[in-house]
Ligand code: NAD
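There is one chain below, alone, in structure tokens, taken in the form predicted alone.
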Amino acid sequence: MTNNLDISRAMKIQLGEILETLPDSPEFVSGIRRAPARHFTLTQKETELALKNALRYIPEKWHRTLAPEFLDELLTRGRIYGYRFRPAGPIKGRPIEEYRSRCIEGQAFQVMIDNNLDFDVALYPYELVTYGETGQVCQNWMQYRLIKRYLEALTREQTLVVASGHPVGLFASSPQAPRVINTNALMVGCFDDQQNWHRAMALGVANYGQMTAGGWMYIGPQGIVHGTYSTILNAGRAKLGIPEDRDLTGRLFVSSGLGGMSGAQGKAVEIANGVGIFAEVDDSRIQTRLDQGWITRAVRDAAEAFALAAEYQQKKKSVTIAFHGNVVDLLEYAVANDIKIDLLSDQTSCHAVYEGGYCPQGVSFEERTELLKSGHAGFKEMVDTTLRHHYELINTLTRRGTYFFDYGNSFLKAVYDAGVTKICKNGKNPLDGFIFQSYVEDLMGPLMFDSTAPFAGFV
């Protein structure tokens, strides 16, 4: 392929060069999960900046129409998503040859991006959130359109630079160089906290890409099934005395979360021939896993969940059960009724614990969503109170013989941030690690961890 692209022009691509007319207002498909509205906290000056940041992608002739629309999104959703610019209809990763580009890498990236936004894959597809409550492909649909256009123009002598979803432009490079360099949400110093994250994302200057959402590499829970299977099987063999040639037959694994990565837990337990109960507050995620065959049964009562699990344990058969409710309610029942849990973990999105990734006890999923929208002053304390209780229940169960492990979702750090210093080995801070091990350290081998190093035990 020849390189005849005008770099200076490519770096100035705008939506007006892609779209001849302004798209119609969007129609949202009913039944598709939507991201919770985020509490609006910007000042008037910051609101003006957020609008300017969104309108920088838009031809001036459309500003008068779109400025009020973007302001409404900001006030009601807490973010500017530019819904109008989402392509109509379902988005799916199509066969690679159906995408236009001047190199196969440009085609491949487009497949990856669209797969991340598939209704069957993404957590909140209309808000470009792939998984983990806040992990986005990019910030808004204007960026999506532009990124796709840049990838169509990309050659093997160029590199596309993307910063928090913003396509900086195409730069001359060599065939050996990366075709895309992509960074997400680089916050510095005293601005690296939840309050400033929220502000930066509302301003349209930061995108939390998680590990594979902003990197366009997510392929759904099937991408982590093998790792989850290996983890729980290793846990059984290392901690429960299961022989190397045996599986989890007759053993009970309890965890929470059936969203993105956590959605793999049910299938992994089934492959390992174990019995699993997974708490999930969002009924739509349970229904998705039922429809996909990733879990077997769904119940709303803790007693029914454990009775069903015991039945299958006795039969030496595998079953995966979704409990529609809070994991803390589930563990409370286990403690009160002296139920033996062999393996215990947690896969709620505790990296975004105050952003909806962890639901307080006594609050429904719908009530949680309303609290996020209103910015209820007591929401953080409700989360912290539940985390502290969650910790105490885990402590009780581990004393009774349960093996609990952190599965890399920041649960231990969230408990510490909620005020539980007892979760630290030194009883003060995480410098020496936590009293519970992470799956990487304890189950997957020591790797290169140094137990004396600062922040050992973090994942």
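Note that the coordinates shown come from a computational prediction; the quantities given were computed from them, not determined experimentally. Numbering starts at 1 and runs along the sequence shown.
One more form of this protein should be noted, the form predicted in complex with nicotinamide-adenine-dinucleotide, which is absent from this view; the next part is about it.
The candidate stretches are 176-184, 158-166, 189-197, 345-353, and the one lying within 4.5 Å of nicotinamide-adenine-dinucleotide in the model of the complex by heavy atoms is 345-353. Against nicotinamide-adenine-dinucleotide in the model of the complex, the set E73, N140 and G204 makes no contact: no member has a heavy atom within 4.5 Å. Proximity of I232 to nicotinamide-adenine-dinucleotide in the model of the complex falls outside the 4.5 Å heavy atom cutoff. At the 4.5 Å threshold, heavy atoms of F405 stay clear of nicotinamide-adenine-dinucleotide in the model of the complex, well away from it.
The shortest heavy atom separation between D282 and nicotinamide-adenine-dinucleotide in the model of the complex is within 4.5 Å. In the model of the complex, L123 approaches nicotinamide-adenine-dinucleotide with a heavy atom inside 4.5 Å.
Of the listed positions (G325, G78, G250, G215), a single one reaches within 4.5 angstroms of nicotinamide-adenine-dinucleotide by any non-hydrogen atom in the model of the complex, namely G325. When you look in the model of the complex, the only residue of G276, G132, G106, G82 with a non-hydrogen atom within 4.5 Å of nicotinamide-adenine-dinucleotide is G132. Of the residues in 359-376, those that come within 4.5 Å of nicotinamide-adenine-dinucleotide in the model of the complex through at least one heavy atom are, in sequence order, C359, F365.
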